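In the form predicted alone, a lone chain appears below as structure tokens.
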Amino acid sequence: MTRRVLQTAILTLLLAALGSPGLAPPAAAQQPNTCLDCHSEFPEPLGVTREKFAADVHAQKGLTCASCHGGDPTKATPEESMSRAAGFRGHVDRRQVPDLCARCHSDAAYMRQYNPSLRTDQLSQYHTSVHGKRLAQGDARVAVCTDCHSVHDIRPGSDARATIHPLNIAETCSRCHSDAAYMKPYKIPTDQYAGYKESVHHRALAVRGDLSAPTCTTCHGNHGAAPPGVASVEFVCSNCHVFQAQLFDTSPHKSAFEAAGLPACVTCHSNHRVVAPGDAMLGTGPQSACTGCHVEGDGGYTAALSFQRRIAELQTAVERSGEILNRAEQYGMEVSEAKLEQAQARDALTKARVTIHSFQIDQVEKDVQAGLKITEKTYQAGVLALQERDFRRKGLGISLLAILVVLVGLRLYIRQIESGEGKGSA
């Protein structure tokens, strides 16, 4: 008993000496913040409520107003809290914002204590961006850190309420890039957000909830001019669509596009308004991407027709064999092995559609032939299964007829016996 009391006393003393960081608030949060006493009463943009500031990731890490604005928020009077002697700098000019943020965010040793996984090259990356270059040239209208991350309610990117959460990034960028009046001096389109909202990428992100789906920063980079490892946004598609990019690099289109100054993927698929690709993009129909460059009579025009025709033939063969296998299965026939092979035919169709990016008919033909070979086999399996069904039906019919004949014969035989016994007894 004495030993247990002693252990409890030692543990209590250790906790008192070390504190309880999991429960106690940061030291800065325990100190008075006279800045909020006044600014919580001000309207925007000077107004900052205690609730808003408390939600800021910096406040949660123990930083205060003085971390960015200087001064001493523990002092009671404005003369003391906002004195130059206390380092008060007040309003931060937007041209100074990147350097101000970088005082901490470019200091790896400092940032390691808060978030070791956070990159510390944002400022150097920003200097390579259009925003950073224009700011360096004196254009204060371009985006700085606070335009994207907000000012006093900055939240981590994993927070769905953050302006930089994947679901919100496009809207954050659109605040400037969809404002025709604001963007007028830059003479660039302002329909990027409208186009993106119609794209397959936006549907994957916002409708299906796939947070890995592309948004603005995926292609354009977040702080730099392009994502890390990508020399130019022109080549960014290959980050996700690796195989298609490799095929394109071996295609005759690569050198032709380079000679014409055309971007690779964007020329056929667009950039922001990327719709789901389909076979209608082949051939020479109204949705064809090929007829943008090729005209009737040239080799590309003929190849476009061949691509579409062969893909359509395989598609039809896959559907035909799939239909007969499903029908056989509904009749209870065993076609599971053929259906497994049918999956390989669908894979061949998918592969043929990807191989289109080689723009070489012989390579596409290999995939088409492989798929057609499988579909012919699976179709025959379906035919045989239905023939087996018909055979079983006939056998069942004959069996039932034989049983019926036997039953009728037995009935007649029994009646004959009963008739004979009646005569004998009479």
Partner chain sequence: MNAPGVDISQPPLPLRRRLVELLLGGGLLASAASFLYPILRYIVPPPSADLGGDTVVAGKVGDLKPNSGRIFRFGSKPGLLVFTADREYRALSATCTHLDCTVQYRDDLHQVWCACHNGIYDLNGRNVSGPPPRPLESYEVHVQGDEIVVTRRQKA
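Take the two forms, superpose them, and find the largest set of C-alpha atoms that agree within 1.5 Å; that set is the rigid core. On a predicted model such as this, the values are computed, not experimentally measured, just so you know. Residue numbers count along the first chain shown, from 1.
The form predicted in complex with the partner chain exists for this protein as well; it is not shown, and the discussion that follows is about that form.
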### Task
Counting only non-hydrogen atoms, choose the one of 395 to 403, 378 to 386, 31 to 39, 49 to 57 that falls within 4.5 Å of the partner chain in the predicted complex.
395 to 403
### the partner chain: the contacting residue among A194, A343, L118, A140 in the predicted complex [heavy atom, 4.5 Å]
A343
### Summary
Students should find that, of S270, S336, Q113, Q287, the residue having a non-hydrogen atom no more than 4.5 angstroms from the partner chain in the predicted complex is S336
### Task
With heavy atoms only and a cut-off of 4.5 Å, decide whether F243 touches the partner chain in the predicted complex.
yes
### Query
Should H127 be classed as touching the partner chain in the predicted complex when contacts are defined as heavy atoms within 4.5 Å?
no
### Query
Taking the shortest heavy atom distance, is R208 within 4.5 Å of the partner chain in the predicted complex?
yes
### Message
How about T350 - does it come within 4.5 Å of the partner chain in the predicted complex, if we only consider non-hydrogen atoms?
### Response
yes
### Query
In sequence order, which positions of 401 to 417 have a non-hydrogen atom within 4.5 Å of the partner chain in the predicted complex?
A402, I403, V405, V406, V408, G409, L410, R411, L412, Y413, R415, Q416
### Message
Is the shift of H58 between this form and the one not shown large enough to count as movement, that is, does its C-alpha move by 2 Å or more after the core is superposed?
### Response
no
### Query
Does superposing the core leave A338 with a CA shift of 2 Å or more between this form and the one not shown?
yes
### Task
Please say whether, between this form and the one not shown, the C-alpha of C68 moves by 2 Å or more once the core is aligned.
no
